[in-house]
Ligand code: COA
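What follows is a single chain, given as structure tokens, in the form predicted on its own.
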Amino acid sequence: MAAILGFGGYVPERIVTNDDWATRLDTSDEWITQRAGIKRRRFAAEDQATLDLALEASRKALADAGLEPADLDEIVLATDTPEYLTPDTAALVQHSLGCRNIPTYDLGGSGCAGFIQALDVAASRVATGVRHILVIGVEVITRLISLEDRTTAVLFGDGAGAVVLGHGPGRAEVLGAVSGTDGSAAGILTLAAGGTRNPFNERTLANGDFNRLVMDGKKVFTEAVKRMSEASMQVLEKVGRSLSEVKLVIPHQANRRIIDAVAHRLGIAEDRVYVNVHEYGNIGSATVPFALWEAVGAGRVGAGDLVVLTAFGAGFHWGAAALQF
């Protein structure tokens, strides 16, 4: 069975508060807090990009696992904000870390559910005999969306999280994972410009489409709560465990209202749900691995604990994973 051997996380140093946003947009700390429960978020520095954040989290995960880059056999990286369109960011991580010529690949377009999908893929690779796989979730969302749209700009931040998977025993076993997709909802949460259907050109620039994130907040809320709750119960059923055994649920940190609604639907107390959205906002596919790293470091989980990860994102994609510490 695949096991997590090490955890890592990183957020940039620059802190952007709600009051900072109020100086440039028609918004306020009260409005953002009531709507999303977010107080602060981190922005990548001007000289930082996706690769830089991924490397910081990866090095921490490797150090935590007691491994060197030469020990890695594969790299899987989940992001919707790659360093370049091509080659993939995973290839750049492989070179920058100084790994051998191992296979690497990006999982893109899965939105905030990307890391759980990557974790599931990596766990299946370990089951086939691969020794050590680095799994990364990383986003520099603030670089690609409009910072003039108060309905979306204030929700996001930048960051990265990573784990090293291998054969047990490790810090936590990956008991199982589930995932799903509803492509009929693709237009509800999308950044449509930049592909072959709507490439970057003068028209895209003139229309302001190049960084226009389309999001139907009400529909996203409803689907996120439903899918994350259902996926959590499905993965527990899959691995033969019950919700009463779960020490901590680590959900995607889109906003506080979604997190609270998931907890209510699952019928679990607030202290069994990990929340850091107030500090970092929504950091996309980095949210779950970063929160996992932070929860482990804070002593919120330890030996013997059962933890459920659950996330929802564009696509619509969703998933959940069960970990036994």
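Position 1 is the first residue in the sequence shown; the rest follow in order. None of the values given here were measured: they were computed from a predicted structure.
The form predicted in complex with the named molecule is left out here; the points below concern that form.
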item: Which of 194 to 202, 153 to 161, 125 to 133, 93 to 101 lines the interface with the named molecule in the predicted bound form (heavy atom within 4.5 Å); value: 153 to 161
item: Contacting member of Ile75, Ala118, Leu165, Cys112, with respect to the named molecule in the predicted bound form [4.5 Å, heavy atom]; value: Cys112
item: Proximity to the named molecule in the predicted bound form, single hit among Met215, Leu147, Leu243, Ala186 (heavy atom within 4.5 Å); value: Met215
item: Interface membership of Phe221, the named molecule in the predicted bound form, 4.5 Å heavy atom rule; value: yes
item: Heavy atom of Thr27 within 4.5 Å of the named molecule in the predicted bound form; value: yes
item: The named molecule contact in the predicted bound form: Asn282, any heavy atom under 4.5 Å; value: yes
item: Partner contact for Ile258 in the predicted bound form: the named molecule, 4.5 angstroms, heavy atom; value: yes
item: Full three-residue contact with the named molecule in the predicted bound form, heavy atom 4.5 Å, for Phe7, Lys247 and Val301; value: no
